[in-house]
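In the block that follows, a single chain appears as structure tokens, in the form predicted on its own.
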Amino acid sequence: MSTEANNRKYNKNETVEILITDMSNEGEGIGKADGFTVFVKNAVIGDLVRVKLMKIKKNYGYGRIEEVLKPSADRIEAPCLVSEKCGGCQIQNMNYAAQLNFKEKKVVDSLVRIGGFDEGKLRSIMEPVIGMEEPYRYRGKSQFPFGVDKEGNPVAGFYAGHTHSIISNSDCLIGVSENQEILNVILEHIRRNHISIYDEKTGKGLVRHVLIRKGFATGEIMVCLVLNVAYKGQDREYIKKQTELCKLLSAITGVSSISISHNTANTNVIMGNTITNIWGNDVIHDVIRLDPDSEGISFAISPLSFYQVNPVQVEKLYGVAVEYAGLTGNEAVWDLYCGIGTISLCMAKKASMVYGVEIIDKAIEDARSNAERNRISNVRFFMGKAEEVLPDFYNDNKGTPGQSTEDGRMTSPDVIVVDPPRKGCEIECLETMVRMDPARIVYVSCNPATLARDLAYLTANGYEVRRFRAVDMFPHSVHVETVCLLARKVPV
């Protein structure tokens, strides 16, 4: 390969040979041709590849592998036959140890580049990434869109990366094995009864998606069809029409809940806000055991519930969060994005009192039900915004945050836990956390970029990162969860 100065101009459809020397956060291989940077999907660090340039920008381009001339030592053959087309598993052709290294590096790079942290200091407090012993069949929740192939036959699968073109696949290797039988039953039912498939361009057609959830601890399976039909409530004639499909699905081992999600909106949002249960229970259950010898905590999961998709790793993720909280049984803990109470109830086992805050009323209802089901009494759940609930609560105690009342009760939290969505914490939430002045903050993140941004704010306002650890919740994808412990800075 030439090493001349970066003045070579490349054109679309031109072929070049490059050595992959790095990877982007999205899992694309990165190499240079005469100094011109090329991003290559499905390439692995160490690959020597012949690439066809598909898109040219001013200072970089995107290429497609024509041939792997010399494979990386970390390259493996992806077991999934559609992995290169599907947008779900971006790094399945990389061995698992290399995947874990990539994810650790992704977290550190984000904290350095976006958060401004010192890499040497970070690596001195970083703990080893937690991977899976068996990184397949781990997803307890899968959502499959329906479409039609070129012959007009109904298909189900996944969208190709950055498109809405469906790659037909009824047996995703990271999903549970029951998915294939369920999808085949539904597809055959659609074919036999000439049921229409939703067309997002016209807004016409009936069947849009199917949501399948499984409780790993219980074996209970939920099937929720997303249909382009208005809410019918408990209309008997409407439900009667689903009898045949219910009979077929309920014969599959584990299926205990069948429902319909009503979604007539012409958007890319998968689930509608209204659910009609048409067979069995309206929820399934799963159990989180942080201690293998305990009976664990049981959770009821509805079609709209947020519950981590990897039940095996969630025990490890929450185990790290509880460890970082440093609970002795005397602490007041606030969980500011509590959802259905998963982290709150795990913390309650070792805290004096736990308070959960969530803006979604149905989630709070589920959280309270989960606490009652597990006979956990040292929890309270509030619906609202953290920046409103926390100050109101502590002002009611007639004290100043960080100080004690006359009866010796602290007027601020000992520990605050946050597990926000990908966009990270709202600035108002971060400001409230700092104002409440907890001794420790445990931040659980699914997005290293927004984690870095939020940690930069917290460390600029009186806190320091003491420990952090990546947890691989999504093997073969580029996504990674991180748990961070922050504590008040020690005065110098």
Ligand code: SAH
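It should be emphasised that the depicted structure is a prediction, and the values quoted were computed from it without experimental measurement. Between two forms, the rigid core is the largest collection of C-alphas that superpose within 1.5 Å. Numbering starts at 1 and follows the sequence shown.
There is another form of the same protein, the form predicted together with S-adenosyl-L-homocysteine (SAH); it is not shown, and what comes next is about it.
Q.
Quick one: Phe146, Asn179 and Ile186 and S-adenosyl-L-homocysteine (SAH) in the predicted complex, is every residue within 4.5 Å by at least one heavy atom?
A. Judged in the predicted complex, none of Phe146, Asn179 and Ile186 sits within 4.5 Å of S-adenosyl-L-homocysteine (SAH).
(Q) Can you tell me whether Glu331 touches S-adenosyl-L-homocysteine (SAH)? I mean in the predicted complex, with a 4.5 angstroms heavy atom cut-off. (A) So Glu331 does not count as contacting S-adenosyl-L-homocysteine (SAH).
Q. Going by a heavy atom distance of 4.5 Å, is Gln308 a contact of S-adenosyl-L-homocysteine (SAH) in the predicted complex?
A. Although S-adenosyl-L-homocysteine (SAH) is absent here, Gln308 would touch it in the predicted complex, with heavy atoms inside 4.5 Å.
Q) With a 4.5 Å heavy atom cut-off, would you call Leu111 a contact of S-adenosyl-L-homocysteine (SAH) in the predicted complex? A) So Leu111 does not count as contacting S-adenosyl-L-homocysteine (SAH).
Q) Are any of the heavy atoms in Gly384 no more than 4.5 Å from a heavy atom of S-adenosyl-L-homocysteine (SAH) in the predicted complex? A) Looking in the predicted complex, residue contacts with S-adenosyl-L-homocysteine (SAH) include Gly384, since a heavy atom lies within 4.5 Å.
Q.
Only one of Asp74, Glu104, Asp419, Asp414 gets a heavy atom within 4.5 Å of S-adenosyl-L-homocysteine (SAH) in the predicted complex. Which one?
A. Contact residue from the list: Asp419.
Q: Have a look at Tyr355, Tyr318, Tyr138, Tyr394 for me and say which one sits with a heavy atom within 4.5 Å of S-adenosyl-L-homocysteine (SAH) in the predicted complex.
A: For this set of options, the contacting one is Tyr318.
Q | Stretch in contact in the predicted complex with S-adenosyl-L-homocysteine (SAH), which is absent here, among 334 to 342, 268 to 276, 369 to 377, 113 to 121 (heavy atoms within 4.5 Å) | A | The contacting stretch here is 334 to 342.
Q | Stretch 102 to 140 - residues with a heavy atom within 4.5 Å of S-adenosyl-L-homocysteine (SAH) in the predicted complex | A | Residues within 4.5 Å: none in this stretch.
Q. C-alpha of Glu428: shift of 2 angstroms or more between this form and the one not shown, rigid core aligned?
A. Yes, the C-alpha moves 2 Å or more.
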